[in-house]
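Next up is one chain by itself, shown in structure tokens, the form predicted on its own.
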Amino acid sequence: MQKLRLRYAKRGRLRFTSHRDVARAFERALRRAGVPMAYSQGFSPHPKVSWAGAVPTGVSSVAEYAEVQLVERLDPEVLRDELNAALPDGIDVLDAADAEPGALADRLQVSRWRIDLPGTDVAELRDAVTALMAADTALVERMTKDGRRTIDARAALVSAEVQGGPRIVAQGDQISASTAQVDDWPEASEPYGILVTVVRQTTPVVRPDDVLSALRVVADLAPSAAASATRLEQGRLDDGGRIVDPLARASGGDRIPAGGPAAG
């Protein structure tokens, strides 16, 4: 039995695909690729695929993770390539590695998000973020399947950094390959604020829209246009506040980080 862990992206129009449909697409791709999957027991055996911390529907990500169990050993890079040939464009396996000991979920303690706010002045956004980070609490409400809940969004925030300005938005060639591309990115638009924030994986999970709600509660910031969010990275924080690649070997290694350095 072999366990492999995958990092995959969900972007483009497929960001509107639900997690259930993403899981179905993966199962179909595994069958088409002829991957020697391990199956559960019972009347309806299904491939052993574990998911952790799925991104909300409508949000892009280049740092989603899954774990698959195989009955025959397979080169991780071969699995990655075979799956990419079978998956629809917009769902892409970016990395694969043999699973290290311990649960995958335990390695996903924080997320680094990029939230794009077209129509929001950078200075106004920076003032709002400063106020939010200085606040002791920022209570926001969200409707859940169990009813309306109040969440302290501030308690989950590790860091928040404001970027932006028309030059950064307009000059696409300044964007590194490791940075997620945001759909409907304007060629030139100002004002345009970008918030990069690291958020702990609490229960319930604090999502990008909760962060925006917190900015509204604390600083009365109300974006004039729809915001878009992309998860750039997941992992656990090391002693230096950096996000550790969940696929990294315990002894270190030379794996490429999921989405660049953590926000300061």
Partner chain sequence: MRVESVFDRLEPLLPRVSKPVQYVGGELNATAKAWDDVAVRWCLMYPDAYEVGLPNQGVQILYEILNEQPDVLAERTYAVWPDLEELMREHDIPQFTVDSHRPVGAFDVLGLSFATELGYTNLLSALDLAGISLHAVDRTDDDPIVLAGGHAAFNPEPIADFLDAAVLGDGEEAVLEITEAIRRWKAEGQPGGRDELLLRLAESGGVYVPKFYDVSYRPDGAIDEVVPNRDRVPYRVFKRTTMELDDWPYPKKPLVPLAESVHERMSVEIFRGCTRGCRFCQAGMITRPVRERSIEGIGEMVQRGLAATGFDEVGLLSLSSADHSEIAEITKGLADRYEGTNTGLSLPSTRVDAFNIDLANELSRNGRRSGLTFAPEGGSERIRRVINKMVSEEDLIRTVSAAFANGWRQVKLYFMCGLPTETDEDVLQIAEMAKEVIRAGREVSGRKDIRCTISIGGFVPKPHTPFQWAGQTDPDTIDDRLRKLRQAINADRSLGRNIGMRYHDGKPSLVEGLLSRGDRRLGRVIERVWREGGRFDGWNEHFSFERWMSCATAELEQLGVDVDWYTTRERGEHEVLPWDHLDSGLDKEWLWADWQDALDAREQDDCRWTPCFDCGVCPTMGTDIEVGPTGRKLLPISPVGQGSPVRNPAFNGG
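Positions refer to the first chain, counted from 1. All values derive from a computational prediction rather than experimental measurement.
Same protein, other form: the form predicted in complex with the partner chain, not shown, and the subject of what follows.
A.B. asks: Among 41-49, 193-201, 206-214, 229-237, mark the stretch whose residues have heavy atoms within 4.5 Å of the partner chain in the predicted complex.
C.D. replies: So the stretch in question is 41-49.
A.B. asks: Hey, in the predicted complex, is residue 20 touching the partner chain, heavy atoms inside 4.5 Å?
C.D. replies: Because a heavy atom of residue 20 falls inside 4.5 Å of the partner chain in the predicted complex, the answer is yes.
A.B. asks: Is there a heavy atom of residue 219 no more than 4.5 Å from a heavy atom of the partner chain in the predicted complex?
C.D. replies: Residue-level check for residue 219: no, no contact with the partner chain.
A.B. asks: Looking in the predicted complex, any heavy atom of residue 82 within 4.5 Å of the partner chain?
C.D. replies: Flag for residue 82 set to yes.
A.B. asks: Classify residue 36 as contacting or not contacting the partner chain in the predicted complex by the rule of any non-hydrogen atom within 4.5 angstroms, answering yes or no.
C.D. replies: Although the partner chain is absent here, residue 36 would touch it in the predicted complex, with heavy atoms inside 4.5 Å.
A.B. asks: Have a look at 74, 104, 140, 94 for me and say which one sits with a heavy atom within 4.5 Å of the partner chain in the predicted complex.
C.D. replies: The residue from 74, 104, 140, 94 that makes the contact is 74.
A.B. asks: In the predicted complex, do 15, 28 and 31 all reach within 4.5 Å of the partner chain through at least one heavy atom apiece?
C.D. replies: Yes.
A.B. asks: Output the sequence-ordered list of residues from 84-117 with at least one heavy atom within 4.5 Å of the partner chain in the predicted complex.
C.D. replies: Residues within 4.5 Å: 86, 88.
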